[in-house]
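Coming up is one lone chain in structure tokens, specifically the form predicted alone.
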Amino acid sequence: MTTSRIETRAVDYQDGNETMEGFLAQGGGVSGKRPGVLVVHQWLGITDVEQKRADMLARLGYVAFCADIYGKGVRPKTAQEASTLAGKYRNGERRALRSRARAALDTLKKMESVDANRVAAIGYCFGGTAVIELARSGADLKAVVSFHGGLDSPAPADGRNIKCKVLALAGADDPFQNAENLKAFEDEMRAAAVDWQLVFYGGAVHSFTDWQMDGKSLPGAQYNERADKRSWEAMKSLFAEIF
């Protein structure tokens, strides 16, 4: 199902005592429950990039909800601020990262238009790490898709908690990936008998889906139209399978 009329709005929700501000996109005038897709942002927080992806998902017939990992009103203004804030969750507080992602997932599942039994999560860069961590937490999902996200884990044994399909999409020349982490991810998935895929795109570096990245503001991070389109089609193919 596709739709041209899209409804969007900000949605406040809670993670414990913290207020978060997500972004919802769904097709208007559609009756019945639909599959939901959680979208987790890159290190700058929710921007027009995530909102555009949510719109694209809504036009495919899904209810798309952008998670807010940082908290309402917390939006890095520089790459340095973003690095510090993302690093807080990625490097030191993965339990907090899982909690923030789970709070957004629970919010999505409770929406009237969502079929709570048919939900997936996708994430970009920092968000790609977040959705893998969400799966490692044992969240009830059909699939997670990581776009150029970090795949390393401080607790590889948590792979046994994964209940869903895992699709990791990576730039073959991404300088922020390394062979050791990639092998550890593969070993983790095999040991846990996860239904997983790891796809590399030749010529692509980090942030290959972000049309705002020119390779200058952050060396090693640049948009690649071919990899962007191919990775989106890979996601759509998986969604056709699970939904």
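Keep in mind it's a predicted model, so treat the numbers as computed, not measured. Numbering starts at 1 and runs along the sequence shown.
Below, we refer to the form predicted together with a further copy of the same chain, which is not included among the displayed structures.
- Put simply, of Pro175, Gly215, Gly202, Gly28 only one has a heavy atom within 4.5 Å of a further copy of the same chain in the predicted complex, and it is Gly202.
- Residue Lys165 is the only one of Arg118, Arg75, Lys165, Arg94 with a heavy atom lying within 4.5 Å of a further copy of the same chain in the predicted complex.
- Looking at 131 to 139, 167 to 175, 77 to 85, 98 to 106, the stretch with residues near a further copy of the same chain in the predicted complex, meaning non-hydrogen atoms within 4.5 angstroms, turns out to be 167 to 175.
- a further copy of the same chain in the predicted complex is not approached by Asn181, whose heavy atoms all lie more than 4.5 angstroms from it.
- Contact between Arg190 and a further copy of the same chain in the predicted complex is found at the 4.5 Å heavy atom cutoff.
- In the predicted complex, no heavy atom of Arg9 sits within 4.5 Å of a further copy of the same chain.
- Interface residue remark: Asp48 is not counted as part of the site for a further copy of the same chain in the predicted complex, having no heavy atom within 4.5 Å.
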